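There is one chain below, alone, in C-alpha cells, taken in the form predicted on its own.
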C-alpha cells in the first residue's frame, strides 16, 4: 500500500484528461446510503465499438487514478505505471482501452487532480463536512463505484482488472463480485485477506492521527488540522512499504547535516530520519487524516468476497489469475499472501500463474516502481 512512485519515462502520446463520474447515491455493503458520490477517472487508448477492449486499473492506498501519462507537459513525472501503459507496452493502448478511477475516501482529498467522496466532503443533508458521520466503506464499495462507472460507459465486460497493493485487493474483489464481467485478474503485491499481522500494522499506521489532539475525533474541518499526526502516520507507511536494502543503499548511517552528530544532541538526525520527515510532509500537504483512517479500516476489513469466510470468497473466483508478488515485500510478504493464494486457487481448479520477476531493493514499493520487470508475464497473460 506504499507511497506513490513513478517511472521517469513518459510513454503516452498526448495529455491525459481527468474526468468526473457521479452517482446520485451508493448503498454501502453496510447498508448506509451515501448521496452525490463523485470520483475522478481517466483513460488511455480508445474504447472500441464493441466496448470489449477494456482493462480496469485499481490503485494502491496512497495512489489515485493517475496510472499513466501526464496532465500537463511540464509535470515532473507521469502516472505510477507509465512504464507498462502505452503503445506497444504490456498494457498496449493501441489495443486496449485502459480506465482507472479514484477510490472513495481517496487519501489525497486536497490534491486538485483527485476527485473523491469521503469524510472531507460536504454532507448534502447538513451542509457540513461528514467527518466521522461518513459511513464505514469496504473494498467491495470501491468496486461497486467502479462498476457504476463502467455501466455509465456501456461496458459490460473487461479483458482484465489489474491493481497493485490495495489495488490488488480491488482486482481480486472484482473477480468474485462480478465474475461474469471479468475475463482475467492481475493482482500485484497483495493477498486474499488482511491477515492479523497486517491488521496490527494498519492499527499502528493510524495511531499517530488519533493521538494528535487536533484530530478531535474527526471534527477538525474549518479548524486546525491534525497535520503532525498525519505526517507521522505517512512516515510509518513510507518506511513499511520499503525495505532495509533500500535504506542501506540510499542512506547508510549518514548524518542529516554535516557537523551535527546524532550523538551530540537529541535534535540531530540521521539522513534517513530527515528524508522520512520531508517525504511524509509532502504527502501530508495533499492528504486528509480522516480519509487515511477510512482507508485503513477498508484495508483491515478486507476478506476476498466481503463475506464471513475467505473460503466462501475464494470459491467464487473463476477467472484466470496472474499473481505478481515483490520478493522482499514487508506489507504483503509472498509467503503470507501470494503463494498461499496460488496454492488455494490451483486446488479449486482456477488457471493461476505466478511470477517472481519483481526483485529489487524497494520492498513492497517494487510492485509499483518496478512493475516493468513483470511486463513479459503480463503481456503473455493478456494474450491468452
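Since we're looking at a predicted model, the values are computed, not measured. Residue numbers count along the first chain shown, from 1.
Missing here is the form predicted in complex with another copy of the chain; even so, the following discussion is about that form.
- Shown without its partner, this chain lists 229, 313, 90, 78 as candidates; in the predicted bound form, only 229 has a non-hydrogen atom within 4.5 angstroms of another copy of the chain.
- Exactly one listed residue, out of 248, 219, 257, 125, brings a non-hydrogen atom to within 4.5 Å of another copy of the chain in the predicted bound form: 248.
- For the chain shown alone, residue 204 is a contact residue for another copy of the chain in the predicted bound form, at least one non-hydrogen atom being within 4.5 angstroms.
- Although the partner is absent here, residue 297 lies within 4.5 Å of another copy of the chain in the predicted bound form, judged by heavy atoms.
- Contact check for residue 129: no non-hydrogen atom falls within 4.5 Å of another copy of the chain in the predicted bound form.
- Among residues of the shown chain, residue 97 is not one whose heavy atoms approach another copy of the chain to within 4.5 Å in the predicted bound form.
- Here the chain stands by itself, but in the predicted bound form one stretch of 263-271, 110-118, 175-183, 158-166, 263-271, has heavy atoms within 4.5 Å of another copy of the chain.
- Although another copy of the chain is not shown here, in the predicted bound form the stretch 279-317 places heavy atoms of 293, 294, 297, 300, 301, 302, 303, 306, 307 within 4.5 Å of it, in sequence order.
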